[in-house]
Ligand SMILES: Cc1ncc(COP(=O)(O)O)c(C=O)c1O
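Only one chain is included here, represented as structure tokens and corresponding to the form predicted alone.
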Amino acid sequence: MKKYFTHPLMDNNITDSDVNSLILFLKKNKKKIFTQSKKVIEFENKWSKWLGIKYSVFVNSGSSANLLTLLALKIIYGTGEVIVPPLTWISDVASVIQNGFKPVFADINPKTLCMDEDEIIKKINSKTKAVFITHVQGFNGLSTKLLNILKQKKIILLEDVCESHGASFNKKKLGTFGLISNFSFYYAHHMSTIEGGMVCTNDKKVYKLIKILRSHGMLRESGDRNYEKKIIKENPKLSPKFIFLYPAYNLRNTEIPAVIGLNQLKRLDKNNILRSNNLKYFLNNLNNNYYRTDFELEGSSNYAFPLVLKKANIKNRNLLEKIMNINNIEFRRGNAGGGNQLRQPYLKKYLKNINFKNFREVDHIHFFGYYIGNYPSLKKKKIIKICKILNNISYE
């Protein structure tokens, strides 16, 4: 039986308004077309406008967005090394490996939980094809210095913005800086389509390719009639409707999640302000003798409260977990993706002789970092109550 938490990681992310919009759509849709169609296109267009980007492609998850991004990178630019964070969701690293790239890890900045710019720069070499940065828990992972270096060295930037909808750098939304950016609409994220993701780009060639790869590698998904005519002419023995250019996937989403996404998008900006205010209130009321509170909040759009013990003490960690369990506070140790990906079994065959001393910051988060729930309906009174519980723990 699932435990009931008085403070869950997420609360009420699918609202009555979302359900009503879906009911209305189902009643009005006389032809009963629920596969990818007009609502998917409408959602893609409205998402692009909200983000400030030319093209968006709706897929069935943020992980699928990662997979398509790295596949498109391989097809257009070839393979090589991709610098990735050790604090991220598995699909970022998995998509690199699955597409024949070598993952190269860079330790994190404790004030943003994203890759440290100096660590990234140290790892760049002649084999570096791209930097795949994860904007963790709503924090910004970019800097002018990093962007200038990548531009100077002609290294592609990819952005994972799955936990950071609406976060910004220099007043420009994250997800608009890289060649390609990925978003997730999983239940617990800033907005939800139940399951879903988006691939975003300003590059028309990438956009066309992503649409093809999303739908079995079929030519007719490209949306480029001149291109389609050219390929059809080159393949006269094939049915024009069934020309498969790549051994790809079916990662499409459907009309039903798109309808929910369109409704959720209406309140995203307002909800992001509430989340950001919640984070500031949480950090201002948390005891900075025990916990880290010096995060860089400029441009952030918080996903979940970061709760990081200052002292690397196992007894204190176990006591914290015990108190949170007693008080029904749901938590995840290791923050994004369960902590240091370098410690996960799936990487053992790909990486040998890892020196964890070179990854001290992410290892601290792995053993002594958590996130707990932040959501728009969370009241200040409850934040105070949670902070009192955390601040009153008798640590060594």
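Because the structure is predicted, anything quoted here is derived from the model rather than measured. So that there is no doubt, residue numbering starts at 1 and follows the sequence shown.
In what follows, reference is made to the form predicted in complex with the named molecule, a form of this protein that is not presented.
Trainee: For the chain shown here without its partner, which stretch in 30-38, 59-67, 324-332, 342-350 has non-hydrogen atoms within 4.5 angstroms of the named molecule in the predicted bound form?
Mentor: Comparing against the named molecule in the predicted bound form, the contact stretch is 59-67.
Trainee: Which residue among Arg275, Lys129, Arg214, His189 has a heavy atom within 4.5 angstroms of the named molecule in the predicted bound form?
Mentor: Selected residue: His189.
Trainee: Would you mind picking the one in Cys114, Leu158, Cys162, Val199 that has a heavy atom within 4.5 Å of the named molecule in the predicted bound form?
Mentor: In short, Cys162.
Trainee: Answer with yes or no whether Ser184 is in contact with the named molecule in the predicted bound form, where contact means some heavy atom within 4.5 Å.
Mentor: Taking the distances in the predicted bound form, the answer for Ser184 is yes, it comes within 4.5 Å of the named molecule.
Trainee: My question is simply whether Phe105 lines the interface with the named molecule in the predicted bound form - judged by any non-hydrogen atom within 4.5 Å.
Mentor: Close contact is absent here: in the predicted bound form, Phe105 is far from the named molecule, nothing within 4.5 Å, heavy atoms only.
Trainee: Against the named molecule in the predicted bound form, would Thr88 count as a contact residue? Criterion: heavy atoms within 4.5 Å.
Mentor: Taking the distances in the predicted bound form, the answer for Thr88 is yes, it comes within 4.5 Å of the named molecule.
Trainee: Considering only heavy atoms, tell me if Thr134 and the named molecule come within 4.5 Å of each other in the predicted bound form.
Mentor: Thr134 belongs to the contact set for the named molecule.
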